[in-house]
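The chain below stands alone and is given as structure tokens, in the form predicted on its own.
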């Protein structure tokens, strides 16, 4: 990575949660922060923005120290930060162009120059024909794009997005995600994106940082994380079953609780074992055939996802299968159903812990 434009260590206590998160990013890079609710994601963003003071650590942006614990500290209004939230928070009495011009105007840019810049930013997010519209006349997706234009019109060194697309319906979200991706490609500062949505993270971020219980548990590019998730939460985000295991042979693993798992080949010692939900086959009766991993299981949850369903199973291990709706009907799958699940040894990938 080139010289860091963001160098931060966020260490603070919020309620019962101790947050200790380090971030580094190059200019033009998008960092995606993911994690369970209450894990420290929003606290990290609020500390970068200056809303929460640090107990330890530092925030350095583009070579300028914004904060050191116990030392000088820039207030939120003194930091070159753009912010985009789930709620667009547009001024209802101002037209789109004046909402966007508010950013540069707040930085001391003269009114005419600010409105010129606002017009340019609205055109860049595909709203050049709606410069005179008021927020009540905009769709939710259009309002989100006005908020995006407003945040970037002030040329911030750091752009913070906290669940920016979560309030949008799926179709609007997809369109707005595309607009956001295109605009971020042209933004020269550092972007920090907090999201629960794996698709947002995988399509918008250059690098992913997973924060669980206040600590960083995995950092990597989207392809690295997809290939080798390192916690059960990360595996859930990327859609895999993940198990901590002990490999005393190259073909047989022992999972927590003593359940054996047959694999094609594994390194010895402590390993992770990952299984795609698509590799799990469900049956009414015990199957005959080549699958070497077969378990009698109970259905705990069925979630529809378009033309497929994710089926959560338990006993003797926790397992998620992804099957067609036709299979749900044919097998009579519902919560409480008892089924057999099978996984071929060659469908299990393993890597060291």
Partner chain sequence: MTWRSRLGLGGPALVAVLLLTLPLVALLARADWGRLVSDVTGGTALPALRLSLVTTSSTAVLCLVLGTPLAWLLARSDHAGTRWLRALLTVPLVLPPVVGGVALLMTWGRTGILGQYLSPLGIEIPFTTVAVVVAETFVAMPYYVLAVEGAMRGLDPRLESVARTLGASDLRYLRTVALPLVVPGIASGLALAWARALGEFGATITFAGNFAGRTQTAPLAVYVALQEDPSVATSISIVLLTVSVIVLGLLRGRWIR
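Please read all numbers here as calculations on a predicted model, not as lab measurements. Positions refer to the first chain, counted from 1.
The following text describes the form predicted in complex with the partner chain, which does not appear among the structures shown.
**Q** Would you please decide whether residue 103 lies within 4.5 angstroms of the partner chain in the predicted bound form, comparing each non-hydrogen atom pair?
**A** Residue 103 belongs to the contact set for the partner chain.
**Q** In the predicted bound form, does residue 145 have a heavy atom within 4.5 Å of the partner chain?
**A** It does not: once the partner chain is placed as it appears in the predicted bound form, residue 145 has no heavy atom within 4.5 Å of it.
**Q** Given that the partner chain is not shown alongside this chain, does residue 267 nevertheless sit within 4.5 Å of it in the predicted bound form, heavy atom to heavy atom?
**A** So residue 267 does not count as contacting the partner chain.
**Q** Even though the partner isn't displayed, in the predicted bound form is residue 89 close enough to the partner chain, meaning a heavy atom within 4.5 Å?
**A** Residue 89: yes, in contact with the partner chain in the predicted bound form.
**Q** Looking at the partner chain in the predicted bound form, is some heavy atom of each of 76, 83 and 150 within 4.5 Å of it?
**A** Yes.
**Q** Work out which of 93, 278, 227, 112 lies within 4.5 Å of the partner chain in the predicted bound form, going by heavy atoms.
**A** By the 4.5 Å heavy-atom cutoff, the listed residue in contact is 93.
**Q** What is the one choice in 26, 328, 51, 60 with a heavy atom within 4.5 Å of the partner chain in the predicted bound form?
**A** Exactly one residue meets the criterion: 51.
**Q** Heavy atoms, 4.5 Å, the partner chain in the predicted bound form: which of 68-76, 169-177, 189-197, 270-278 makes the cut? Say which one.
**A** Among the listed stretches, the partner-contacting one is 68-76.
**Q** Could you list the residues in 316-353 that come within 4.5 Å of the partner chain in the predicted bound form, counting only heavy atoms and keeping sequence order?
**A** Nothing in the stretch sits within 4.5 Å of the partner.
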